[in-house]
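A single chain comes next, written as structure tokens; it is the form predicted on its own.
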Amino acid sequence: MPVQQKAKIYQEEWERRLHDVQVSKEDLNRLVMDYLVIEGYKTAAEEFSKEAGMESPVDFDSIENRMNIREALQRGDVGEAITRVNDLNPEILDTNPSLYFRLQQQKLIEYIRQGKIAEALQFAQEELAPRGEESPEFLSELERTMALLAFESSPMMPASVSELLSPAQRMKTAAEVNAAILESFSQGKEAKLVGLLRLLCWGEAMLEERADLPKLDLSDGTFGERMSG
């Protein structure tokens, strides 16, 4: 069966097609404001709101509160983060046992990181063990966290365990909390612009099965020819 010849779309034609797509300034402004709010750029959001003459979908102070919570988690101060979340909206943790467990797990990790073994054991027994009995998922995560004590600084520590002490673990917990706060404000968990970029990459991949076309370089916003082999 003969291989179907791919169509060829040249850069000039591709850019012309893109320029023919009509996107209103209001829609673009909403995308920018949504990104600034979701990502926590309070000052930039305030300035953009004035320049574009549009209202923010949330109170600007709530952006700062979210960023304070994220920064507390990223430096390992879980207690402050929990206090700030409850000050912002107590229902966030009351109605989300999985998120509360993640925060308690992170607190246990921080005890272990600081070498506070006695405190870690007591905290695990009093706060996390009862929750582990309620959920197989919680129990599995508790066992993985307690494995940090078993391996300590051993080179035999599995990556699935050692990663709990990485900065990425703090960032993951902070992202989950941030998403829950946004949801409580009826905001999206992710900036719409990020979703559109993901959709763009998916669309390009689908189209490349049928045609050779210029591919957008997301690092600088330029197009380059992409030829099939």
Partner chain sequence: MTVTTTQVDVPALKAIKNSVIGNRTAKSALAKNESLLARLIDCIRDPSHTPDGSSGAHVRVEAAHIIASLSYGSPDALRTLLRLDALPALLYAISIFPPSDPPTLKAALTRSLRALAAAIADAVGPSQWGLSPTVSDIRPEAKVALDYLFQPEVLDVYIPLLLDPSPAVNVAIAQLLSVAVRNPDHRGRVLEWCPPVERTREAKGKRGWERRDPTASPTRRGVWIARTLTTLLLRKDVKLQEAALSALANLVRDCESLARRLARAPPGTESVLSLALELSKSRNIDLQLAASYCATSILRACSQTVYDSPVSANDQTHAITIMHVLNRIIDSETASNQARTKACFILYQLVCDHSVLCQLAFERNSLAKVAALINAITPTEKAPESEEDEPESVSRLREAALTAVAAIALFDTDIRTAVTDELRLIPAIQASLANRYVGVRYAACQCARALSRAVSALRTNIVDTGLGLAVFQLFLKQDEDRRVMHAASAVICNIVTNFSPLRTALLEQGVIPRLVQLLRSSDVELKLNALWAFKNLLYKAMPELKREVIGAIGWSEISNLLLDPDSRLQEQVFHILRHIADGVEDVELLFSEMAGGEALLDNLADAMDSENEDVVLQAVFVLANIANSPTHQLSILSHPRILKRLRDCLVDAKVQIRRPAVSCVLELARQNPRSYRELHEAGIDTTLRHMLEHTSHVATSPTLRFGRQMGAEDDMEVQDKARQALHWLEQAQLTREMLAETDL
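These numbers come from a predicted model, not from an experiment. Each form is matched to the other, and the largest set of C-alpha atoms that superpose within 1.5 Å is called the rigid core. Numbering follows the first chain given and starts at 1.
The following text describes the form predicted together with its partner chain, which does not appear among the structures shown.
Contact check for Arg75, Glu152 and Pro158: none of the three has a heavy atom within 4.5 Å of its partner chain in the model of the complex. In summary, the region of this chain contacting its partner chain in the model of the complex, judged by heavy atoms within 4.5 Å and restricted to 113-121, 100-108, 144-152, 67-75, corresponds to 100-108.
Remark: Asn29 does not count among the residues lining its partner chain in the model of the complex, judged by a heavy atom distance of 4.5 Å or less. The closest heavy atom approach of Ser162 to its partner chain in the model of the complex falls outside 4.5 Å.
Of the heavy atoms in Ser186, some are within 4.5 Å of its partner chain in the model of the complex. Contacts with its partner chain in the model of the complex, taken as any heavy atom within 4.5 Å, map within 87-118 to Asp87, Pro90, Glu91, Leu93, Asp94, Thr95, Tyr100, Gln104. Annotation: Cα of Lys172 displaced by less than 2 Å between the shown form and the other one, core superposition.
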